[in-house]
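Listed next as structure tokens is one chain, alone, in the form predicted on its own.
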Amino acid sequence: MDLLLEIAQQVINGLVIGGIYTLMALGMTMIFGILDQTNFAHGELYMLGAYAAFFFSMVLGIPYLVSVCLAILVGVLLGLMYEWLIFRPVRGKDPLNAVIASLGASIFIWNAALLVFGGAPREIPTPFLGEKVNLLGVSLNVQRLLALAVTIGIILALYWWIGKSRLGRAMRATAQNREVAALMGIKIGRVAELVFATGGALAALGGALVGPIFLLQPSMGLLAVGKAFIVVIVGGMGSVLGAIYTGFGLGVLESLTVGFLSSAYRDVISFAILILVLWVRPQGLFGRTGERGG
């Protein structure tokens, strides 16, 4: 019985972390799947979202939940700036240009954050952090449950929006063929802005939700973007469903590894899965041979 409770505890913890991986990966896979560009600076949006929530909550004294909403707005603005300043000038050119530009932006933003915020870790106290609920013998932290509930709600809303809304259809049309979409009257520039704004919002939300659970530091985006890339590649480049399933699955697997083996094996298992999938199915678990996943 104790073993089952421990497994349940680790699964819940893994779903929380997996949800954050999924939020990060969704933004990245949308950018790649729709615009065919790779954003190595995506982790900095996650980091800045966490620090934005810290600023609004701890410096301005705004309630935590409102601070999360404001952090999302910051992510939207930063995502638009990414599109305008970094990716739009190199769109339609050698894909390596976007990689180099985003790597340069990542290094610049990381060092700027280190200069502004300092290297000392920070934390975001919230009313939910110390609260726990007991469900069938499993002790659950309310902050983690809140992060999981918000993450699942946002993912479901995003999946519906992409699949059913007019803007979602425009994004999917652009992903299939940008030239034909443009001839049909779809404004590719507007779609690009929408994609980057959505990706920025998702990354900032992830940072704001995880801020109270883990310590904030300027380098926090580096590990997060690395895990998000694993999720995107394993799930299938450009596949939204692949990012969702793989993100949650990887989070649970890592949590079980930490709980029953050692935290030293957490990253090892992630990269081992990446290597295995690339060896067996290079297009990813949900990717399609010869075309982008959907």
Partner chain sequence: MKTLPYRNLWKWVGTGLLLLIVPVLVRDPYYLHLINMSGLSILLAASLNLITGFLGELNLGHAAFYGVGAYASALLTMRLHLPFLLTLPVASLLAAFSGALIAYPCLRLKGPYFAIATFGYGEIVRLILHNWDTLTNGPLGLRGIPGPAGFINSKVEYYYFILTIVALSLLAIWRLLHSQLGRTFWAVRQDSVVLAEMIGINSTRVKVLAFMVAAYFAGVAGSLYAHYLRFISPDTFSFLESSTALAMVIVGGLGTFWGPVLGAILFTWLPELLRSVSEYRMIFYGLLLWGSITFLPQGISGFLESRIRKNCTTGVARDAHS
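Just so it is clear, the structure is predicted and the values come from calculations on it, not from any experiment. Numbering follows the first chain given and starts at 1.
One more form of this protein should be noted, the form predicted together with its partner chain, which is absent from this view; the next part is about it.
Q: Indicate whether Ala41 is a 4.5 Å heavy atom neighbour of its partner chain in the model of the complex.
A: No, Ala41 stays farther than 4.5 Å from its partner chain in the model of the complex.
Q: Even though the partner isn't displayed, in the model of the complex is Ala101 close enough to its partner chain, meaning a heavy atom within 4.5 Å?
A: It does: once its partner chain is placed as it appears in the model of the complex, Ala101 has a heavy atom within 4.5 Å of it.
Q: Whether Ala120 contacts its partner chain in the model of the complex should be assessed with a 4.5 Å heavy atom distance threshold; does it?
A: The answer is no: Ala120 has no heavy atom within 4.5 Å of its partner chain.
Q: Using heavy atoms and a 4.5 Å limit, would one call Phe108 a contact residue for its partner chain in the model of the complex?
A: Result yes; Phe108 sits at the interface with its partner chain in the model of the complex.
Q: Please determine, with the chain shown alone, which of 207 to 215, 109 to 117, 70 to 78, 146 to 154 has non-hydrogen atoms within 4.5 Å of its partner chain in the model of the complex.
A: In the other structure, the partner sits against 109 to 117.
Q: Check for me whether its partner chain, as it appears in the model of the complex, comes within 4.5 angstroms of all of Leu35, Leu241 and Leu285 - heavy atoms only.
A: The answer is no: none of the three residues contacts the partner (heavy atom, 4.5 Å cut-off).
Q: Which residues, if any, of 206 to 244 lie within 4.5 Å of its partner chain in the model of the complex when only heavy atoms count?
A: In sequence order, Leu222, Gly226, Phe229, Val232, Ile233, Met237 come within 4.5 Å of the partner.
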